[in-house]
Ligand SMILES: Cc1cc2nc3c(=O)[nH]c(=O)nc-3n(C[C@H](O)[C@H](O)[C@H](O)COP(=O)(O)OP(=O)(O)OC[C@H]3O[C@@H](n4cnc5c(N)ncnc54)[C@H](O)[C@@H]3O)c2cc1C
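The chain below stands alone and is given in structure tokens; this is the form predicted on its own.
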């Protein structure tokens, strides 16, 4: 194929555009607003699944491939564009009572370093933590990337590659004729290409709802807080009871996130703001003196078991999907982009594709 139209300018859509461009394909990206303004901007950018031992193998397969590629990807983007995605290998501490055996078994199987720390060792690593516990899990190779910077770097990279990006162009529907997409319908008219790749995040299910098998992708709201502290105040990612703290290079600290089934409403609420603020200060009293810079919400593209849909649509010959990454779009993104590109251009897939096919049953479907 010579020309691919990508619906969705998320980090995932931009990574897919980059891979397709590297493969010699002409690419156009269309987004309903400015690219990267939904979950790609709103999330925390942890380059690891949360509680990775709880996820099915297909998630870990994508995550592992991406984690190995991230350092080189970030170096290349920085060298080529001058924009630094700020990949920081700060490590992740996890409070998961009763899961030490499961976590160590996972670490041995997937060859990830993991240590079990007592309360004193945890306090040494994270002195501003109010209380620490024995049996804290320490994953020293977990990194975080500043996701808005990653999006900025990808956009700059695509511009230098000649990829066309159409912002503020909502897609209203797909013109399907004889089991092929003849056009993508927008307010500005119909757009056409040899193939269409859907990377529309939480909106992907709506666009494919009339095409069986429709992927079970729905929006799931998450709210976040952003504090400003001195660099090094909080040193590591820490995860406890599905809440996490993430330090940035410049001292900013993210704390989140909620998990709310509210449809497409991404309005931040005072109730969740207060809950997150109280919890953040209880765990890190130093944050009581920090400036609270921002509070926002975003919509995650939830799928039944966290396994994304990556592959050709079985009912439409020239339609492909790369969506449904739920809370792990950043960590699975590079692998998903490479896999969908392999499938679209006819290369041997870098990862076995069967678990991600649209017609593969998911637990929870």
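All values derive from a computational prediction rather than experimental measurement. Numbering follows the first chain given and starts at 1.
Unshown form predicted in complex with the named molecule; subsequent notes refer to it.
- Contact with the named molecule, judged by heavy atoms within 4.5 Å in the predicted bound form, is confined among 187 to 195, 203 to 211, 121 to 129, 227 to 235 to 203 to 211.
- Contact check for residue 222: a non-hydrogen atom falls within 4.5 Å of the named molecule in the predicted bound form.
- Among heavy atoms of residue 169, some come within 4.5 Å of the named molecule in the predicted bound form.
- Contact annotation: residue 326 falls within 4.5 Å of the named molecule in the predicted bound form, judged by heavy atom distances.
- The named molecule is not shown here, but in the predicted bound form it comes within 4.5 Å of a heavy atom of residue 301.
- Among the residues 59, 319, 335, 46, the one placing a heavy atom within 4.5 Å of the named molecule in the predicted bound form is 46.
- Although the named molecule is omitted here, in the predicted bound form none of 17, 158 and 341 has a heavy atom within 4.5 Å of it.
- Contacts to the named molecule in the predicted bound form (heavy atom within 4.5 Å) from stretch 249 to 264: 257 only.
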